[in-house]
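The chain below stands alone, shown as structure tokens; this is the form predicted on its own.
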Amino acid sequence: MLDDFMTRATLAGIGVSLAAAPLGCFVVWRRMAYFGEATAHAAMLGVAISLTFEFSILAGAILVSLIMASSVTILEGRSLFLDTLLGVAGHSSIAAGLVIVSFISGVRIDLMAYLIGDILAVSNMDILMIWIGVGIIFSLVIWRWSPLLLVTMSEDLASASGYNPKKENFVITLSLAIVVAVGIKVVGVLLIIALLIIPAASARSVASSPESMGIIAAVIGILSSILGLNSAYLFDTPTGPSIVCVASLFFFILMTVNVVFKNKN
């Protein structure tokens, strides 16, 4: 079954959508879109380092993304505002990554595959790593769901309830690094944050609870991946951007329906 490249691509898209859905909800609730974008940009530096020293691209992307996100969290408020730190860290990382890649000789590197994804080229090993990532993220989110929600609402309230906000924030940071790393092959470092935010933002307009928002976001993400993949195959368009365009279409439709419904009431 996995000999069919469309089957592999579909499995990869579904896996990344499932991994992104619950985490995307926290990104939307916490207004962490810029944080997620900077983490995704840092992954390009991880890719470049991995290619230079010839080790796992997934490991390199996770490591650098995690270091960047953790460093920004530690430095926040000490000298610069968070958005300034994120801007410096994110754009410096992607620029450094592109420069490093330019020095690698003897290896043909398709930068567009890392920037906007190349889901049609995923291998069986890529699928395995994506679904391992899904399992890790689901385990973390299910294990820490209640404290994560509590910290999202109020860090002071979470502390009073016996939870450590820094620990819960690290869970989000780690999960974000994993999603970015496993999503590189599907939508690339430039578009992975879109797959995190758009399905979650779409679900927010119709969800009645945090849990339902996560489920709806997962459904929208999966449908976006499948429909985007098939439209890219049919119209010969880039797969990553096609997936994001379908997700955006879901967002605008649900937002329009929500506005119309509220006006009628």
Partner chain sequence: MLIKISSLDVKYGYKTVLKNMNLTLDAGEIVTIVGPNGSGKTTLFKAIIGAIPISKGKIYTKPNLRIGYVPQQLKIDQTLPITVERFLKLAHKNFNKSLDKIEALLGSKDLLNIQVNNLSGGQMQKVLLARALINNPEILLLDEATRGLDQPGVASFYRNIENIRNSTNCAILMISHDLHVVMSSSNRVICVNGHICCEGAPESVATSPEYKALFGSDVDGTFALYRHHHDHKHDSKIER
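Being a predicted model, the structure only gives us computed values, none of them experimental. Numbering follows the first chain given and starts at 1.
The following text describes the form predicted in complex with the partner chain, which does not appear among the structures shown.
Among residues of the shown chain, Leu223 is not one whose heavy atoms approach the partner chain to within 4.5 Å in the model of the complex.
When the partner chain is considered in the model of the complex, Met153 lines it closely, a heavy atom lying within 4.5 Å. Residue contact check for Val28: one or more of its heavy atoms lie within 4.5 Å of the partner chain in the model of the complex. Proximity of Met68 to the partner chain in the model of the complex: non-hydrogen atoms within 4.5 Å are absent; the residue sits far from the partner. With the partner omitted here, the residue from Leu149, Ile100, Leu120, Ala113 that has a non-hydrogen atom within 4.5 angstroms of the partner chain in the model of the complex is Leu149.
Think of it this way: in the model of the complex, the partner chain has a heavy atom of just one of Ile74, Ile142, Leu128, Ala160 within 4.5 Å, and the residue is Ala160. In short, of 226 to 234, 207 to 215, 48 to 56, 33 to 41 it is 207 to 215 that has heavy atoms within 4.5 Å of the partner chain in the model of the complex.
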